[in-house]
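So this first bit is one chain, no partners, the form predicted on its own, shown in structure tokens.
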């Protein structure tokens, strides 16, 4: 009875997000010039697809009762380093492989700090994000902007190509979301992540390898961050390392939480990420058309994030174990 009630609440939140998105879409279409145009709608989807890809990686960690604040830093410095190597004459395939290995290495270190050293997720990844930003700027990427020129062949299609008139970044977001959905719902590793997020102690007592699974979670989020960075680099033909110090990580958390994935872990799915991505994409596009300043947009997003966390704490209250671990 209790489980049934919890499922009903989660679905209601997802449906509410989709309903709000529908209302905003109709309102913006009626009252904002240039909103209801195919070019603007495709641009909306393309712009929000990177955020959606990052939110998929964050969702995997949050469902397992964690959080990864290094995703933006991993995204810009792993891809930025790869294209620095390309500019120095390294073959593109080898440079991307090294960039991916760097991202995976950071993810594994995050997982070890959380699972084996037992540092709370928020503190471990916050410290690691600072280390990555500092060390990456000092030793890996020599400038704030890495411009990507020349013919990169099939790689360029990841950012500028289309499939049935749909921008390729949107297609890749849907592909990554589908892969994550299958991994979480149809594999035993996905079941382990849900079990760990729902009740770590019970999971340990039942024989689930909690620590390796947590390392796996952070490895997945780092790999997804590298993929997002690659798509972004191919879309705008550059890598901006200043993003590591931006508020983008809060946008990712906003998408995850507002979509209906509980920060207490064990609840939600990739469908919630898609719902949250649509809502945030509509909000950002609408505020941009209304010429609302960047600072004001950040204030509005911050207030929405605060409201979403308050609602989440009511719908998915923290248990005693979560509080003792210092998790948010």
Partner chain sequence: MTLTRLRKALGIAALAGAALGTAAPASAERPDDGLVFTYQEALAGKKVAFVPITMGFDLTQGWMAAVQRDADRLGYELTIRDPNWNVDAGAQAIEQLINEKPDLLIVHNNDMQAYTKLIRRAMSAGINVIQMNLKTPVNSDAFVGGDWYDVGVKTAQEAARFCGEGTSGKIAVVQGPVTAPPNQLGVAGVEDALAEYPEIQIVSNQAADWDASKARSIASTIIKQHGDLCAFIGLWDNMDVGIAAAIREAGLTDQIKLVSTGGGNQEFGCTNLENGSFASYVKVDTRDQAHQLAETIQILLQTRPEPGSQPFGLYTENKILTPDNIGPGSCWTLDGIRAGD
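Positions refer to the first chain, counted from 1. The term rigid core refers to the most C-alpha atoms you can superpose between the two forms while keeping them within 1.5 Å. None of these values were measured; they are calculated from a predicted model.
Below, we refer to the form predicted together with its partner chain, which is not included among the displayed structures.
Location of its partner chain contact in the predicted complex, chosen stretch of 32-40, 267-275, 52-60, 66-74 [non-hydrogen atom, 4.5 Å]: So the stretch in question is 32-40.
Contact with its partner chain in the predicted complex for residue 242, defined as at least one heavy atom pair within 4.5 Å: yes or no? Yes, residue 242 is a contact residue.
Any chance residue 137 has a heavy atom within 4.5 Å of its partner chain in the predicted complex? Residue-level check for residue 137: yes, a contact with its partner chain.
Closest heavy atom of residue 26 to its partner chain in the predicted complex, within 4.5 Å or not? Residue 26: no, not in contact with its partner chain in the predicted complex.
May I ask you to state whether residue 142 is within 4.5 Å of its partner chain in the predicted complex, using heavy atom distances? Residue 142: yes, in contact with its partner chain in the predicted complex.
Please state whether all three residues 182, 187 and 191 have a non-hydrogen atom within 4.5 angstroms of its partner chain in the predicted complex. No, the candidate spot makes no contact with its partner chain.
Can you pick out, from 232, 196, 257, 115, the residue that has a heavy atom within 4.5 Å of its partner chain in the predicted complex? It is 232.
Go through 221-238 residue by residue and record those having a heavy atom within 4.5 Å of its partner chain in the predicted complex; state none if no residue qualifies. Sequence-ordered list: 232, 235, 236, 237, 238.
When the two forms are laid on each other by their rigid core, does residue 40 show a Cα shift of 2 Å or more between the shown form and the other one? Yes, because once the rigid core is superposed, the C-alpha of residue 40 moves 2 Å or more between the shown form and the other one.
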